[in-house]
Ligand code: HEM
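Okay, so here's just one chain, in C-alpha cells, the form predicted on its own.
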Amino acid sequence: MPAAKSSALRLTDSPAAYGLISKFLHWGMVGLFVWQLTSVLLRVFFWESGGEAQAAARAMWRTHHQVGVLILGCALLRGSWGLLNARRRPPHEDSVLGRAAWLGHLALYALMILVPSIAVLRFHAMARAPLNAFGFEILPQGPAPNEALRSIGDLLHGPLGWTLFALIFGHILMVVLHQVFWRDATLARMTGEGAPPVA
C-alpha cells in the first residue's frame, strides 16, 4: 500500500495528521453541535411564534437533552482518545499563537464536558423522572428535589453553553485564517493526509 494512502487510512494520530478515529469524533461532534445550536435558536426565536415554526422549535427541543447526553459521551471518549494519542498527534507551534491555540482547545474540551454535565446534574436534582436517552436509562430519578443544585444548574448551564458556542465560532475563525491567509495546511490535518508540522 502506498505511504500516502496508508497515512489517510491510519486509525491513530500522527504528527502529520489526525487519524480516522479522531476525525470521526471531531466531525461527528460538529454535526451534534450544529443540531444543538439549531434547537437553541429555534427555542429562543420561535417558541411562542405559532404555526409550523413553533411546532418545529418544540419538536427539536425535545431532542435537546438526548443530544446533550450524546455530546457528553463523545466528549469523554474524544478526550480519552486524545490523551492516548497525545504524543503522536500534530503538535501546537512553540509560539504565543501556538500556546493560545492549546489553551483554546483545553477550554473547548472542558466546556464540552462541563456544560452537559451541569444539565445532567440539574435534571437529576429535579427528581421528576429518570434521565433517558435513545431508549436507555442514563441516570435514575433523584431521591428528592434539590433546589440548591437545580439553581446552580439554572445559573450556569445557559451562560456556559453560549460561551462554548462562542469558542466554537472562534475556533472556526482561526481555521479560516490558517486556511485562507496563512495557508499552512492546518485544516488538512483534520480532513486529509495533512502535512508535517512547520518547525
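So that there is no doubt, residue numbering starts at 1 and follows the sequence shown. All figures in this text were calculated on a predicted structure; none of them were measured in a lab.
What comes next is about the form predicted in complex with the named molecule, which does not appear here.
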With the partner omitted here, the residue among Ile138, Ile168, Leu149, Ala53 that in the predicted bound form has a heavy atom within 4.5 Å of the named molecule is Ile168
Notebook entry, point to check: Counting only non-hydrogen atoms and a 4.5 angstroms cut-off, does Gly142 reach the named molecule in the predicted bound form?
Noted result: no
task: Answer with yes or no whether Trp61 is in contact with the named molecule in the predicted bound form, where contact means some heavy atom within 4.5 Å.
output: yes
Decide whether Leu177 counts as a contact residue for the named molecule in the predicted bound form under a heavy atom distance cut-off of 4.5 Å. no
Using the partner position in the predicted bound form, report whether His105 sits within 4.5 Å of the named molecule, counting heavy atoms only. yes
Of the residues spanning 52 to 85, the ones with some heavy atom within 4.5 Å of the named molecule in the predicted bound form are Trp61, His64, His65, Gly68, Val69, Ile71, Arg78
